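A single chain, nothing else alongside it, follows as structure tokens in the form predicted on its own.
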Amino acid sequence: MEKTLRVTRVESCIISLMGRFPILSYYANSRGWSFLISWGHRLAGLALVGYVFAHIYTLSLLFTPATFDADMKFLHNLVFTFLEWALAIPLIFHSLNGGRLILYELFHVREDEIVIRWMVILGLIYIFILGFFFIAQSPQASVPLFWSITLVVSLVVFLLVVNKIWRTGNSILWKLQRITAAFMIPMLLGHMLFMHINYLTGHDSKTILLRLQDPFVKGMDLVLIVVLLFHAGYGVFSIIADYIEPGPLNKSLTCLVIIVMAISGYFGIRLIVAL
């Protein structure tokens, strides 16, 4: 007999709160929470795609450090700080749910209720840790040590998924989407954590430019931007393929996604190399 996972008081409160929103309640009752999680994953992914474009634009301001510092000073207020912290919510949700899908598809972990519970627990821990560093804005972490550990974790996860996924008969693009996800989960979570442990690393032009002089850091940024844009582009393509019938509109939007990601990749790589 299959056991039903007991709903905790906290989870009951979350479900009750979400149930107060008519659209969430409707789809939860008619299509199930898995449907909402799937849509949440896609919406969080689209929000992060927008952040990638904003991040590339912000990098371009480093060619005139005074402009960059003036913008950061202008944005250093309660509203912007809250929005910057809130960005961790779609990031941690998209990352952990992507990990859940990899566990389900490749490692046959079918205990979805338990995995989702741990997604919520780990997500909340991560968000509150970031919030603490936002408030403190004083701790410092060693750049080589932090990124060496993060890179090792990313490579271990990457190799585990590559070893598992290469045995499947799926398309190469499908495989690359999962492989890039496996590599980016530790890298992106580490990136956001590092930006807030070392606050100046993401908000002071002199600190950022000095960090980018390190070949190791520059190389990691180049790899990350290529992997990130491929993952983002294929994710948007998947949404188009799911909801738009094959035809001229589908092909036009697919071409537009390829062009936008290619141009973004070109400018992103050029910026990192030139800085």
Partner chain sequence: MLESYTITLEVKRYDPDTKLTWMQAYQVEASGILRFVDVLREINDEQDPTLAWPSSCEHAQCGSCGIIVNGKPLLACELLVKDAVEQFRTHKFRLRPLTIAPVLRDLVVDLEKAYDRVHKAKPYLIKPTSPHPDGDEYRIAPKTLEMYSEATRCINCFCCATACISSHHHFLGPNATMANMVRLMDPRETAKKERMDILYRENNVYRCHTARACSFVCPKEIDVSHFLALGKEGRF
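Remember, it's a predicted structure, so these values are computed and weren't measured experimentally. Numbering follows the first chain given and starts at 1. We call the rigid core the largest set of C-alpha positions that still match within 1.5 Å between the two forms.
Unshown form predicted in complex with the partner chain; subsequent notes refer to it.
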Heavy atoms, 4.5 Å, the partner chain in the predicted bound form: which of 215 to 223, 39 to 47, 66 to 74, 53 to 61 makes the cut? Say which one.
-> 39 to 47
When you measure heavy atoms, are 132, 211 and 274 every one within 4.5 angstroms of the partner chain in the predicted bound form?
-> no
Within a 4.5 Å heavy atom cut-off, is residue 170 in contact with the partner chain in the predicted bound form?
-> yes
is_contact(residue 191, the partner chain) in the predicted bound form, heavy atom dist at most 4.5 Å | no
Can any non-hydrogen atom of residue 249 be found within 4.5 angstroms of the partner chain in the predicted bound form?
-> no
Does the 4.5 Å heavy atom contact test between residue 164 and the partner chain in the predicted bound form come out positive?
-> yes
Selected contact from 104, 118, 82, 146, since only one has a non-hydrogen atom within 4.5 angstroms of the partner chain in the predicted bound form = 104
Is any part of 226 to 240 within 4.5 angstroms of the partner chain in the predicted bound form by a non-hydrogen atom, and which residues would that be?
-> 234, 237, 238
So with the core overlaid, does the Cα of residue 246 end up 2 Å or more away between this form and the one not shown?
-> yes
